Structure formats: structure tokens, C-alpha cells
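First, one chain by itself in C-alpha cells, the form predicted alone.
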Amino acid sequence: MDYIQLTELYEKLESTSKRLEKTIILAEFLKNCPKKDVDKIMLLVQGIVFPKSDDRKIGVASKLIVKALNIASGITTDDIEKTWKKTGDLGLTSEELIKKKRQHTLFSQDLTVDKVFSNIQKLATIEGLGSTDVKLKTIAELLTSAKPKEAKYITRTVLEDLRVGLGEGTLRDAIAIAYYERHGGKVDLESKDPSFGGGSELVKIRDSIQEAYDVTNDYAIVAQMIIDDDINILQTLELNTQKPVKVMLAQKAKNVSEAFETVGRPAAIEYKYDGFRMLIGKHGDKVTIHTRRLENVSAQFPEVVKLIRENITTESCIIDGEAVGYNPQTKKYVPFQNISQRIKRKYDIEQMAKDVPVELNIFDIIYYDGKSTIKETFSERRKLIEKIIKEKPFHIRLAQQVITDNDNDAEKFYKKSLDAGNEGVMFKNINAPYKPGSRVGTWIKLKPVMETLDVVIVAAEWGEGKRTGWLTSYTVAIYDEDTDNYLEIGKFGTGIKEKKGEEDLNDENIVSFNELTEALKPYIITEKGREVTIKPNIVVELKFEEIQKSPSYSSGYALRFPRLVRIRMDRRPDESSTLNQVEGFYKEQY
């Protein structure tokens, strides 16, 4: 398939913010897509060339794109940067400059999806001496042959900033419709029926696709398998102990009675640990630890790997749990930040493990002895964990739990959890299945402090005076699940220290401007004067006094007196607070 055809799809998707329209546009494209290209298309429309669970990253900075544009267009880097400052988008800059291209090469050729995909994938594997030059030539080769629109989307894909707004639900529904129509079905696109007029058959197809995605975390695999085959082939897909899936998420409740009302009575109530969420796969002696961001952190937690090998008796499993740091002298739990620093560390791991050891608290299992347990009830899954774990206090244990239908008993357990240094408790429906990546009403968290949001930093300003060299005045956004976009909800600049004093060094909750700046720098997309645009990646927790209606921000809301609580390195950007949640909080205020 020619890449220009994919470019035309991007243009159509970018032209609308309506989820239904995006679904129809993508479904129509997939319906006529050659099978050999389906998997690559499904990755590229998400702005990626590797599945989200893949550790490989493209890792190309904007400045390398500028140099590649210089080679491809013959325009000086100074002029390229002037245009970039004017457009504020390196993709649009590429489009504009390729239109003005001053030189023509005999070696340019029409680009195919295969060529673009393989060149961009190659960028992640180029290492060693001279790797920057090889990457430069690889990008320049594409831009030299690219038409203006193609250059725009090649640039955005390399920078992992595609901006066509496809959420997971849209991808799922588009695959379902394309499959249904390729196999003789007819969809009524004007129908207000959630099955698009396809009836129960299309609903079954959509549910099968969702279940397959739950175990693979990869729509490319799912679409490629079924597009010209029987939908039942998806039943052959299984969880893999060495590959991550998304963890199940929880909603919030204001009090015990509301939590019971949501999950039902009786409920399993468990400690809510202020720790590091881990999805751990075991197959024989092979143990792999993934974060909720799908990052492999096995090397950063060697003691957890050892605990699993020695204390989990089954040959294969995938367990869900929380590693909680504790003070080795007092045996009291310590805040999440005390162990979160390990995530990006490559050195001094053993010393960090001695200074702040962790206790692994296991609360769920989604794969046991070669079979998925996702559809089993929570009670049955808990029994399986009890069967395979050898508990050792302050090393590995089952999450502490009571099962009750009584408000007073629940309140006592809640207080006991807080007294132990935990965040609160989790209420769980004892008959519910495990839903990867979902924030359904079968898990509810109850914490004493409700007025916080997890938001993503999407812009900032370079400071002046004594704050020169630091990013300040951070613009934050929430996640819109329908459009896969991040909607601005305000700015914050308080709760951050200019520099850490001696008394602050051991307090991981205290964040300095320098620390936050260094965390954000790799994700800067554009700079315009003092203002910078930042790729949504760093999640922070903010407390605030009130949510207000506001026409100034794209979410339609603003936070009154927001203040930084902590950086959430364990959160993916699409796990930040959603527009639906903010709307709910706003209504609750009144």
C-alpha cells in the first residue's frame, strides 16, 4: 500500500473530533486494506511502530528532525527553526518546507507503508559509534522521497506525536465494523443503536475483539488475525507470562456506604497500599515484572524476582500486587516515592533495596498453571493465590482482607489500614471478573482525601530571574477517553521547592524545579519564546480547592488553587483523571 493512502486517512481523522465519525472513517479504510498491511496500519494509526508493551523506543529528538529536513529540503537549519517557531509544530514545518524543496534527487521514490514502517522501526535498533549519523540518514531518506503531507506525518510519527485522536474504544469498534462488512454484514451507519444497526452479531464480534485485546494488549495482532479469517480464531490467543497487559483500575467512593452501594454486599475489603503496582509473570525460573505503564522493571527489583521464585509454588502464573517500601528499623510502611526512584535506575539497586526493602502484597491472579483466570470470580481467584503462596512477613504476603456486609466492620478495617500507614482500603465485588485496563464499578477505593486529580503536564514556561534554566508555570491536562486527547484544565506552580535543603534530601515527596525540569526535558516537542509544548508523558498528582467551569481551557473546567502533591512515575498518561471523572467531581461539589 502506498503511504499517501495512509496520509489521506490521517487527514480525514484529524479533521473531526467526533468519535463516531473517526470510527466510521477508520472502519472504511480497514475494510479495503490489504491483509499484509493491516498489522502495520493498526500500529501506525496509533502513532507507534512497536506495540505499547514493547520496550523498544524510537528515541529521536526534534533537533535530529531539523537536520534531516535540512538534508531533504536544502533549506538551512536557521530557516527551518524560524518556520518551526512560527508553526509551533515540527510536522507542519516539514509539510511547509518540503513544498518549498530546493533540490530534487534522482533517488527519490514513491513511499510505501512498508518502507516508512521499516525505516522508523530501524531507528530504535541503531546503536553504537556513529549511530546519530545513521539515524539522520534513515530519517532523511524518508523525507527526501516524501510528498508534503507525507512529510508532516512521518515527522509526527518519528516524534511519537501523531495527533489524530484515536482512543482504544474507537480502534476496537472500527476493527469490528471492518470485519463484519468484509464478511458480508451490513452496518447502518445512521443508526443510533450502539451496534451501528448490526444487531447482536456485531456486538458479539466487538466483545470478542475486546477480550482478545485484554490478553494481548495489541490491536495489531487482533486485527491481522481476524480480518480475513473466522472470528473464533481469537479464542486461541492466550496470556503470556512474559508480556504485560493493563492492570484493572478502581473508581472512588466518598464513604463506606457509597462503596458498598457500588460493589454490593458482602464485599471483600483490602488494604490499599501506598506502593508500586506490579504485574508479575512466572514461568519456571523466568520471572518478569511489569509496571502499570507496561515497563519491564525486573532488573530494578531483583529481590522481588527472588521472592517469586522461592515462594510461589505453581509452574506458571501472572499475579497482580503492590510492592510497599518499609523502614527496616521501625517496620512501618513508607510513602510510594521512597521506592519509585528505582524505576529509572540502572546502578546502586542493591543498596537501595537494603535502605528501603519492599514487601510484596499480592491481591489478584489472572493466569494460573497455563490457563487464564480473568473470567473467574474474584473469590475464586483469591483461593488460587492462597493455594500457591508461601507467606513471609515483610517479604511476601496476601493483601490483608476482610469479607463483610457490615458498615461498622468496614469502618474498623478502614481505620486499621490507615493506622498501619496505608492510603485507605479497596472494596471489591466478590463475584466479578478481572477487567484489564478498565475502571469499572467492581473495584472501589476509599481514601480520606478526595480532592486530588492525576493530571498530565502538556506545556510549561522557562523561568526568569532566579528561576532561569528551570521550567515553571506548568499547564496540565486530563484524559478524554472518547477522543484519546488531553484536555487542558489549568496551570500550577506551587508545591515545588526551588532547591532541596539538607532536611529535604530524604523526603521523596518534596520536588524541586530542577527535578521536574529534568523529568520533562526529554518530552519537549516545541519551543516558542519562553513557552514550551510537552508530549503528554509525566503524570502529577494535584490537590485543589475547587473545580470551576472555565472557557479558558479545552476541558471546559479549571482547578482553583492547584498545588503539587507528587510526581506519579507509576502512572501512564492515559491513566490520568478523565473528563468524565472531573464532570462528576464538579457536580458533587454542589
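When you see a residue number, it is the position in the sequence shown, counting from 1. Predicted model, so just to flag it, every value in this text is computed and none were measured.
The form predicted together with adenosine monophosphate (AMP) is left out here; the points below concern that form.
The listed set 267, 399, 410, 90 contains one residue whose heavy atoms approach adenosine monophosphate (AMP) in the predicted bound form to within 4.5 Å, identified as 399. With the partner omitted here, the residue from 445, 137, 306, 122 that has a non-hydrogen atom within 4.5 angstroms of adenosine monophosphate (AMP) in the predicted bound form is 445. Every member of the trio 273, 426 and 439 reaches adenosine monophosphate (AMP) in the predicted bound form with some non-hydrogen atom inside 4.5 Å. Heavy atoms within 4.5 Å of adenosine monophosphate (AMP) in the predicted bound form are found in exactly one of 254-262, 273-281, 145-153, 180-188, that being 273-281. Among heavy atoms of residue 292, some come within 4.5 Å of adenosine monophosphate (AMP) in the predicted bound form.
None of the heavy atoms of residue 484 is located within 4.5 Å of adenosine monophosphate (AMP) in the predicted bound form. Taking non-hydrogen atoms only, residue 572 never approaches adenosine monophosphate (AMP) to within 4.5 angstroms in the predicted bound form. A residue is said to contact a partner when one of its heavy atoms sits within 4.5 Å of a partner heavy atom; residue 322 meets this definition for adenosine monophosphate (AMP) in the predicted bound form. Within 4.5 angstroms of adenosine monophosphate (AMP) in the predicted bound form, the stretch 127-162 places no non-hydrogen atom at all.
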